[in-house]
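Only one chain is shown below, in structure tokens, and it's the form predicted on its own.
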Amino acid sequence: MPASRSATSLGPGLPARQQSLRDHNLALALRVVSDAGGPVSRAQIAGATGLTRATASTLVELLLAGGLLTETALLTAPGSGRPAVGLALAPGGFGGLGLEVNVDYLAVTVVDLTGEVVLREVLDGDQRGRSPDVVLKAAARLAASALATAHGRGLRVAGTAVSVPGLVRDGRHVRAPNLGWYAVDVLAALRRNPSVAALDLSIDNEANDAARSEVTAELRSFLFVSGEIGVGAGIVLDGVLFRGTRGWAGELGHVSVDPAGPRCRCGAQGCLEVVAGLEAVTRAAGLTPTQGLPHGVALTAAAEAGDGATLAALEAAARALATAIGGALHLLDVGTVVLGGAYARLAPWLVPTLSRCLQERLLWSSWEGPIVRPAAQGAEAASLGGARSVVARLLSEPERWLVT
């Protein structure tokens, strides 16, 4: 999560203006409430931040007036036994929107300030062969419709986070070989829709956004592996997304698992995604996906029916995944693998072989075996993670949304 402007202004060697100090303290107070997991009192905010009770109360009144906090039932103050008014994030005022553009679907999710899903919609359909302009016009219409619904429910959307299946350069240009996109300015295309143009727009790789949605107090370090037509990964270390020096970390799909294998769209041979991506697995299973539906739907249905060719193709995919994931785990020293995208649906058939192969490969497996599990947030987790990243920015910069 990026640092707030107010926190930056308090950096070493820089004077702290009164406005900057207030903005910093607003974010500090709001963070105490958002991290608490339940209602807190004004006195607890003062105690947790080191602010005086008078200052904490002033900040709380600003956050209440701005619709970021709400008062709840009375609490019993620790040690005193006296009741105090509880404070919590306001669930109905502000929110974030996540928009995912993937190879065979578009998805949108809106969450409120507490991170709860307000609405979610998925449009299945193969985006390959369509121009970027056509695809992004459809995505913008989907986002605009979600915005209208959110506004109709009284929710003020603070921004839109866009998730894409490829590399993002300079915060806007996308290279997505599986879509046939090279240096496409996604944000500029989306801004042509006036309903979306007014929002604060950001963009990231879909696996990164999906990984964000899986972080919990209990799960702080893991490798998120997203399987669609392409294969990507999000790396989370101690609760923080690891991006690499240029923001391109996690391109697991372009790790070679068979140097003599098929040519990948990236130009290399034997990449993981041409062996274990959904299109490759569907082809190996001898299946023909239903027109307009993702490949994962056909694979899941055939696997549930016990189709032998499909089960064999999924087992081969799991072995290929183990080759790439095993190398990543040795480098990263994380013990949990989360399967996302369509891999989450296919986890019942992927996890047994993948877990066994990792157990055989990992140097430390005799002491501690790897944990492999499906994503808790489902196949369309990227739009959820993107929406929650908007909320995280809002929580770190509340002064932007207060009229004072």
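Counting begins at 1, following the sequence as shown. As the structure is a prediction and not an experimental result, all values here were calculated from the model.
What comes next is about the form predicted together with another copy of the chain, which does not appear here.
*Taking 4.5 Å between heavy atoms as the contact cutoff, choose which of Gly86, Pro91, Gly247, Gly159 touches another copy of the chain in the predicted complex.*
Checking each option against another copy of the chain in the predicted complex, the one that comes within 4.5 Å is Gly247.
*One residue of Arg120, Arg175, Arg141, Arg130 in contact with another copy of the chain, assessed in the predicted complex (non-hydrogen atom, 4.5 angstroms)*: Looking at the other structure, the residue within range turns out to be Arg175.
*Hey, in the predicted complex, is Asp333 touching another copy of the chain, heavy atoms inside 4.5 Å?*
It does: once another copy of the chain is placed as it appears in the predicted complex, Asp333 has a heavy atom within 4.5 Å of it.
_another copy of the chain contact at Pro259 in the predicted complex, heavy atom, 4.5 Å_ = Yes.
*Partner proximity in the predicted complex: Asp204 to another copy of the chain, non-hydrogen atom cutoff 4.5 Å*: Because no heavy atom of Asp204 falls inside 4.5 Å of another copy of the chain in the predicted complex, the answer is no.
*Any of the heavy atoms of Glu214 lying within 4.5 Å of another copy of the chain in the predicted complex?*
Because no heavy atom of Glu214 falls inside 4.5 Å of another copy of the chain in the predicted complex, the answer is no.
*Taking Leu237, Leu252 and Ser366 together, does each of them reach another copy of the chain in the predicted complex with some heavy atom inside 4.5 Å?*
Judged in the predicted complex, Leu237, Leu252 and Ser366 all sit within 4.5 Å of another copy of the chain.
*Going by heavy atoms within 4.5 Å, which of 188 to 196, 266 to 274, 298 to 306, 108 to 116 lines up against another copy of the chain in the predicted complex?*
Of the options, only 266 to 274 has residues within 4.5 Å of the partner.
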